[in-house]
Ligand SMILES: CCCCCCCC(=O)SCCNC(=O)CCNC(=O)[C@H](O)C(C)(C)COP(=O)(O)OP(=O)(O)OC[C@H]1O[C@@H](n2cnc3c(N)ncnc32)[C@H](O)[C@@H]1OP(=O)(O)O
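In the block that follows, a single chain appears as C-alpha cells, in the form predicted on its own.
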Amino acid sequence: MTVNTQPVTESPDDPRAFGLPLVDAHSLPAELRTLVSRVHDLVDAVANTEVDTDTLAETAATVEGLTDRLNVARRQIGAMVRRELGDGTTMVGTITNIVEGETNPAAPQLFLDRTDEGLRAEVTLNTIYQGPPGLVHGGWIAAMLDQAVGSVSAVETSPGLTANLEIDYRRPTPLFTPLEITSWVERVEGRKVFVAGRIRAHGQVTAEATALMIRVEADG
C-alpha cells in the first residue's frame, strides 16, 4: 500500500502514529542504494549463469558470509520510506515493497510520478521477471498494475486497500523493453475508489487493469 502523506505533521495516516519507523528517501545512504543495485545484478547473474561447480561453491560461500555481515542489524518489519513526487506530493510506502521498495533488490523499482491524469512510471525488466521466453511473467504484470492503481487511489483520495483487481492481458509484454505504466481514478463513491491502469510497450497496450480500492478510515 502506498500512502499519501502531504501533511508533514503526524496524523492518523502517518506510520509513526502506528509505531512504525519512517525514513526519508533522500536520507538513505548512497552506499545502500549502490548495494541494492549490485545485488539486483547478482540475482540476474545467478539466474542465468553456467559457470563451473567450483566457482558456484566459492561464490555461495562468499554470499553466505556477506549475508551474515548484513544480518547483524535489520530494520523493523513494516518500516516505511517517504519520498517526494515531481509536483511536491509526498508519498510513503513500505521500504521493502516488492514492486517499488527502495531497499529491495528484487523490486523492479517502479517509481511512479504525478501527471495531469494520475500517475506514470517507466521501467525496463530483465529475466528476473520472466515468464514465457522473453516475456514478462503475468504475475509481475498484475503486481505492477496493482501498485499503480493502489498508489493513484492513495494520492488522489486517501490510503486504501485493494478489494478487487481485474487484469486483461491484451498482448505479450516483452522483457528488455521500456514499459510505460499509467493509472488514474475513474470515480469515487464514499469509501469506494474505482481506479484503472495500463501497461504499454512500443506504444501498444499490453495489459489493462480495473480495480476497486476501499479507503481506510482511522478509528476515532
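All residue numbers are counted from 1 along the displayed sequence. Computed from a predicted model, the values in this text were never measured in an experiment.
Although not depicted, the form predicted together with the ligand is the subject of the following passage.
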Problem - Open or blocked, the ligand overlaid from its pose in the predicted bound form onto this form, 2.4 Å backbone/C-beta test - result: blocked
Practice task
Spell out, yes or no, whether the shortest heavy atom distance between residue 164 and the ligand in the predicted bound form is within 4.5 Å.
Solution key: yes
Practice task
Classify residue 179 as contacting or not contacting the ligand in the predicted bound form by the rule of any non-hydrogen atom within 4.5 angstroms, answering yes or no.
Solution key: no
Exercise for the section: Would you please decide whether residue 212 lies within 4.5 angstroms of the ligand in the predicted bound form, comparing each non-hydrogen atom pair? Expected result: yes
Handout entry: in the predicted bound form, residue 38 touching the ligand (heavy atom, 4.5 Å)
Key = no
Fill in the blank from the handout: Only one of 38 to 46, 61 to 69, 150 to 158, 171 to 179 sits within 4.5 Å of the ligand in the predicted bound form by heavy atom distance, namely 150 to 158
Completion exercise
Residue within 4.5 Å of the ligand in the predicted bound form by heavy atom, from 141, 110, 92, 125, is 92
Problem - in the predicted bound form: members of 178 to 199 within 4.5 Å of the ligand, any heavy atom - result: 191, 192
